[in-house]
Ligand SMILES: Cc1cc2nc3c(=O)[nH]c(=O)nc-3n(C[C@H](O)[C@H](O)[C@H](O)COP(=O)(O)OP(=O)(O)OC[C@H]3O[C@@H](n4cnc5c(N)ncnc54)[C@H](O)[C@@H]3O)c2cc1C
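Only one chain comes next, encoded as C-alpha cells, the form predicted on its own.
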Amino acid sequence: MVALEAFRERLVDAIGRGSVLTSPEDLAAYAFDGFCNGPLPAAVVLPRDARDVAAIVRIARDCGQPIVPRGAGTGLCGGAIAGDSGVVVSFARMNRVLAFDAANRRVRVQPGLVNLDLSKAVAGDGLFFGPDPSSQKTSTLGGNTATNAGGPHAFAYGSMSSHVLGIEYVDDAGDVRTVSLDDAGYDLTGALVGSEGTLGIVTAIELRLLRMPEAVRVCLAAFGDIDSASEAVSAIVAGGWQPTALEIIDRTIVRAVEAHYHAGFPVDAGAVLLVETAGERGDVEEAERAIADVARTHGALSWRSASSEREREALWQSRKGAAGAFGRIAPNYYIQDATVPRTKLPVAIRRVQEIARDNGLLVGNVFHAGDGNLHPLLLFDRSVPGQLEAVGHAGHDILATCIDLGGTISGEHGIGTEKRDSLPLVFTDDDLATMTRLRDVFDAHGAFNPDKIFPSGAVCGEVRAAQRLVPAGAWL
C-alpha cells in the first residue's frame, strides 16, 4: 500500500486541495452514520462530476485504499462509513438535476441531490417523486438507490427499484459506464439498485416521476390496540382498496409524537392508523367512506379526516419526524427494519413486545403496515450496564421472529454492517456464495465498500457461520 501522505497528495493533484479533507476534525464528521460510529477514514473527497470520481477510483486502486460512497449519512445500517481506513467519497457537491423531460416524466440527477428537493424541483410541472423515506428532507437519491429505500408510500408506488430507469457508474477500473432498463439482456440496473456501493460508484441516476393526483385525503383512525388496527389494514387491502399509505403508530410513540408536534393525535388510543388515499376526487371520497366503514367494523374508536392541506402536512410531519420525539421517552434508541406478511402483523407485534419485555426494554412501534414493514424502536439507556447487550439480543430475536413468520430481515434500510451476520438466517451458504461471485465480477479487487452486506468470511464457495455481534458504540 502506498504511504498515506502520498495517497492524499495524489488525490489533491487530481481534484484540487479544496476537494480533499484530511484533518482529524474533518474526517470525524464522516466516521459515523445513523447507525454506528467507525474509525476515521484516510481521506474524504468531494467530487463535482463523474470524471472526478473516476480519477478517485483509479488513485485509490493504485494505492490499495478501499472506496466508500456516502450521501447524507442518514443510513441506519452502517453502510456509509469506512471499515478499515479507505477514502470516503461524499456526494455533497454532486447535487444537481442534469436533465428533465416533463413530457415523458423522466429526470436525470446526480446522486447527492436530496430526495425532497427533487419533488420540489418538478412540482411546477405537476410531478413528484414516489419513494419518500422518513429521512427524505435530508437523505440523498444516491443513498436511496444504494439501499433500495421506500417509505410510507412504497405500499402504492413501490421502492426505488420501481423508479430507477438507468444508472451511470464508475467501475473498478475507473471507467464511467451506463446501464438502462432499455438495454437488452441482463438487468444490470436492477443489480445496482440496493447494492450499497459494492458493485460500483453511482454518479448519475435516471428516475421515473409520477403525476400529482387531483385529490389527496389523509385520515386518522384510533383503535384500542395494535391487533385491531392491523386486522383493519388486512381487511382494507383484502377488500380491494388501494390507499397510497397505511401507517400504524402505537400508544408509546403516539404520546411522544403528540407532545412534540401537537398535530392532534389521540393520546388515549392504543394504536393509530394513518390512511392516505389519492386520485380522482370522486374516487378518493368513495374510497374514504369505504375504508372508514372497514375500520369501524374492525374496532375503530374514531375516524378523522384532515380538513386542510396544512392539517394533512402536520399529520405527515409528525409521522415522518417521529425520531425527533424519541428523546422524550429514553436517551437512546435502536430502530429495526424487517418485514412480515401483512396478515402476520398482529402476531409479529405481540412477539416483538414479548422480546422487548424479556430483555428488560421498552419498545415503541411505528411502521408501514400496508406492506408489513416493521420498525420496532428499542428504547434504552446505554449508561445502564447490560442494556446495550440486551438491545443486541432483542434485535437479533426480532429478525429471527420475522423470518419464522415468512418475512425477511430488511424492508428498506439495507444490510450494511448491521445485518450482514444475520444474512445466513435468510440465505444458504450456496446463495451467499453465488451473490459474492456476482460482486467479484463487478469488483474483483473488493475495493468498493468492503465488509458490507456479506457475513465476515463470505467468499466464493465457502461462507463461515455467522456470529451474533453487538458492534461497540453501534446504537444511537
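The first residue of the sequence shown is number 1, and the count goes up from there. These numbers were taken from a predicted model, which means no experiment stands behind them.
Form predicted together with the ligand: not shown, discussed below.
In terms of contact with the ligand in the predicted complex, the residue from S230, T277, T147, Q336 that brings a heavy atom within 4.5 Å is T147. The single contact residue among I201, V363, V391, L273, judged by any heavy atom lying within 4.5 Å of the ligand in the predicted complex, is I201.
Not displayed here, the ligand is approached by A80 to within 4.5 Å at the level of heavy atoms in the predicted complex. Proximity of G73 to the ligand in the predicted complex: non-hydrogen atoms within 4.5 Å are present. In the predicted complex, none of the heavy atoms of P243 sits within 4.5 Å of a heavy atom of the ligand. When the ligand is considered in the predicted complex, F265 lies well away from it, no heavy atom lying within 4.5 Å. For the three residues G151, H368 and N449, a heavy atom within 4.5 Å of the ligand turns up in the predicted complex in every case.
None of 138-146, 219-227, 282-290, 305-313 except one has non-hydrogen atoms within 4.5 angstroms of the ligand in the predicted complex; the exception is 138-146. For the stretch 83-111, the set of residues having any non-hydrogen atom within 4.5 angstroms of the ligand in the predicted complex comprises F91, P111, in sequence order.
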